[in-house]
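Two forms, one protein chain; structure tokens for each follow separately as structure 1 and structure 2.
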Structure 1
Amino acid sequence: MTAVVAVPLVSAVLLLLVPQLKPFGHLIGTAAAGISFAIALILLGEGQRTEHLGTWFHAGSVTVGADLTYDHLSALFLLLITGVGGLIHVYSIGYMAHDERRTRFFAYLNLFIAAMLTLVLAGNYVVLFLGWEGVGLASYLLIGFWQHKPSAAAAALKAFVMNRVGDIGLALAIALMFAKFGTTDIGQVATHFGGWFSYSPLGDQPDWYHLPMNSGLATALGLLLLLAACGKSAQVPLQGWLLDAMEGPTPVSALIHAATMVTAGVYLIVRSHFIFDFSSTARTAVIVVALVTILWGAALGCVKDDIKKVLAGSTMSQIGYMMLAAGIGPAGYPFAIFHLLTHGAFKANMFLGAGSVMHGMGDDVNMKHYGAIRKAMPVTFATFAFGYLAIIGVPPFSGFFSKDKVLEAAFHEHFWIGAVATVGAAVTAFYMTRLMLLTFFTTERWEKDIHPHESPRVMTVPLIALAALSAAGGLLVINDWIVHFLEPVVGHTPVPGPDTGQWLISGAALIAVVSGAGLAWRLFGRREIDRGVTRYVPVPHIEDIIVPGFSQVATMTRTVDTYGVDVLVSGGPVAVAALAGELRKGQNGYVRSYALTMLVGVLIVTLAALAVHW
């Protein structure tokens, strides 16, 4: 189990430190991801277990072990990360072929894989935090991979800083667990929520407390974890970094900012389900955040002309669905993970497809400069179409089943929650159809010197594999397989209700999808597309509101620091230095000047003596 993390980590370190490996960097990196995938497959047969690698640190009554825990939830994530990650490695061999820093790119990708695996295998929250920060670092390095572009460097910084805001939540949650439970082991924290062992303030006798529903502790932990999840998963209000993160190379967008890292927030909530089970307040907060993000991301998808930004908005929106399912509680957890897995496949597929299109179009990302690419790139078109059908939820593609399950759970929770989520599905169909039409259909709008061509085999094979997964992902839900598979981890609460309700929901979802897609076809499929920029009502970003305020506070603080504190603290030394500067002029090294000084001194003493005598 350690090996699954160690292999990519060792590979990353070797690729970064041994320059002789540069010519084979891409092969070593891809092999490392492949070996990890193989180990993940072997582990699948071995079942649940915990590995204690030793004590990480020990301070007072607090001991943190370097523990890895493998269970069914980790198992699914392992397969997603190493499987989709491996395919993206293969794709990157072709995509980054002309980049002279390709080996470094693969080192960072491996570093990311290792960190993400640490995150999902962590046996306690401190190790999880290590992985959490590790993926943040890898994300920063990869967004800013083309660091010569100021926009990429700025985007990397923005992602890093906004993620830190969320990380405060996770750090505080861990601190709270230390303070209240004295442990951060996930299993032990979970047992504390079953019944809370505490010392009463009056006697030495331990008392057995049962944590009440909606206790302040559970709500506080839940809200702090939600803050962390918002940062990592680009949920409102910390969503601003994800669109800018598209500055990174496209495989990065596919791997980190669509399939795996941004879903870490969903993983965190499902992994900490025992906390959310005890706080309906925190669950409601998760649902509200999720619904806002579903609509917000979908709205972004409708107005952007940049193909990667449309997909990024769509990622936000889809993660919103996962968060929604996670916020619903025990009935939703398996479906959050189910949608996460199918989304990982079809969104990675579409991002890589977008990369393939960009590859053929001279790195142009503006969809309005595309048009009718399906003829030039048949494989890319066909695989992208699979992802498209999956995300808008056309049966029998994977997205239909996973989104349907989320909607079902949402409607069961409350009618309006389900209704908003269904509207989100309609908008998803609208903007994805717009993307399809502008890119692959309508008329050619590209420049004369652009010659679209199909990408090399090394890029199309991963596309085909991911397209197959996008189509077949729905198989996971046959006989509620995924629900039973995850039952040991998150428990099982079947959604009661008549089958007719389910059919109604599926029907409503399909109607929503068809109407959204139809509207897009009416608006974009049947008329000439101009090359102008899409205009939309600009919505101020949260960072544009908060950052100026903080800047002013910072300016004020700096003023106080410069003219208040600095003057007080540095004033004394400065005065002494000035005085010394004056005094040392008297010590000029000239013997005659010293002699004069002595004479004057003698005269003064003599006159003083005479004055005293008389």
Structure 2
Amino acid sequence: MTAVVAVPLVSAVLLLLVPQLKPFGHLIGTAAAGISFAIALILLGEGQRTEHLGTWFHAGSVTVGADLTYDHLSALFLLLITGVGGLIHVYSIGYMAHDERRTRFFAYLNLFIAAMLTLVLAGNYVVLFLGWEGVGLASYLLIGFWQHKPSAAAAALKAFVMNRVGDIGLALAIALMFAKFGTTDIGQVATHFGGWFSYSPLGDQPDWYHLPMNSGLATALGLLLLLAACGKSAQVPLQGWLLDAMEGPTPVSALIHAATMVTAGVYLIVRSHFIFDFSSTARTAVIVVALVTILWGAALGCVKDDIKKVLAGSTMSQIGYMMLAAGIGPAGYPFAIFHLLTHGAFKANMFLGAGSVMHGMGDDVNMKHYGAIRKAMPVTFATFAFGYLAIIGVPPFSGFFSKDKVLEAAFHEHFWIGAVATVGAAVTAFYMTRLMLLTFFTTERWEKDIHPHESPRVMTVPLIALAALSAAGGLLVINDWIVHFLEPVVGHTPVPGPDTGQWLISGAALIAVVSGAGLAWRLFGRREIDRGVTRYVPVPHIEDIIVPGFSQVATMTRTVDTYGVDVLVSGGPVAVAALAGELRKGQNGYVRSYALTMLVGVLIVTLAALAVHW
């Protein structure tokens, strides 16, 4: 199990430190991802277990071990991270072929994979935090990889800072666990909540504990973990960094949006389900954040002309569906992971497809400059279409089954929760159909000297593989396989049999999809497309509101510090120094001056004595 993390980590270190490997860096990095995928496949046949690699640190009565755990939840994530991540590596060989720093790029990709694998294999929250921060570091390096672009450097810094806001939540949650339980081991924390976990730190089956439920503690932990998830998964109000992160190379966007970074928040909540099970307040907060993000991300997708930013908005929205399912509780946990897996395939497919389009269009990202490129790029078009049909939820593509299960759980939780989620599905169909029409259909709007062409095979083969997964991902739900597979981790999930209500929900979802796609066709498929910028009412992000206010506070603080605190603290010494300076003038080293001063003093004393006795 350790090898699945060690291989990409060692590869990253070697590629960064051994310049002689530069000519083969892309091959070594890709091979490392492939080896990790092979190990993940081998592990799939093994049972749940924990590996204690040693004691990380010891403080007082608390000992934190370097523990890795493997169970059914981490098994699915391992396959997603290494499988989709491996295909992204292959694609990057062609996409980054002419970049002088390609070897460094692959080193960062390997580092990203290793950090994410550490996160999902962590046996305690401190190791999880290590992987969590490693993902943040790797994303910073990759988003700002083209550091010659000021916009890329600014986007990397923005992502780094906003993620640190969320990290405060995770750090405080871990500290609270230390204070209340004296441990950060995931299994032991679970048992303190009277819950259960699929493994114990020593590999034995856990005992049931019946400690009194502390809903206040559960709520505090749940809200802190939600804050962390919002930062890493770009949920409202910490979503501002995600669209700017498109400044990075397209394979990075695919890796962040499909297989790694944004899925970490969903993983954290599902992994910590025993906390949310004990707090309806925390679950409600998750649902509210998810619903707002579903609509917010969908709205962004409707107004952006940048093909990558449209896909980024859709990522926000789709992660919102996963968070919604996770917030519903036991009835939604498996379907949150199910949608996460299918989304990982079809979103990576579409991001890499967008990169292929940009490759053929001279790196232009504006969809208003595309049009009718399906004939020039048939493989890219066909594979992208698979992803499109999956994300809008057309049967039998994977997104239909996974989103349908989320909608069912939402309607069972509350009618209006399901209704809002269904509206989000309609908007998803609208903006994704707009993207398809502006890019592959309508009329040519190409810039001069642009001649669209298909990408090389090293880029199209991963697209074909991901298109196949986009179509076949729904097989995971046959006979409720994924529900039963995850039962050892998230507990029993009630699965009602087919009934009229489910058919109505599926029918309503399909009507919403057809309505959204039909409206997009009416607005964009039958009209001449304007090449101008799409106008919309800009809505400030939270950083646009908070940052100016904090800047003013910082300016005032500096003024008070300079002219208030410094004067008070330094004023006394400055006055003494000035007085000493004046007195020092009399100490000039001339004996005659000292004799004269003494004579004047004697005269003054003599005159004073005579005046007193006169």
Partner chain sequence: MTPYVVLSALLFSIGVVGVLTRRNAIVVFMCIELMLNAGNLALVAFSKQHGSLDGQVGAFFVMVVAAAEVVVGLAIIMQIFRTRKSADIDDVSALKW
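Residues are numbered by position in structure 1's sequence, first residue being 1. Nothing here was measured: the structure is a model prediction, and the numbers come from that model. Think of the rigid core as the biggest set of C-alphas that the two forms share within 1.5 Å after superposition.
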ask   = Two forms of the same chain appear here; which of them is the form predicted together with the partner chain?
value = 1
Rigid part versus rigid part between structure 1 and structure 2; hinge residue out of Thr555, Ala179, Leu583, His148 = Thr555
Angle of rigid-body motion between structure 1 and structure 2, smaller part versus larger, in degrees = 17
note = When only the core is superposed, Val602 shows a C-alpha shift between structure 1 and structure 2 in angstrom of 14.3
note = Ala258: Cα shift between structure 1 and structure 2 after core superposition, Å, came to 3.2
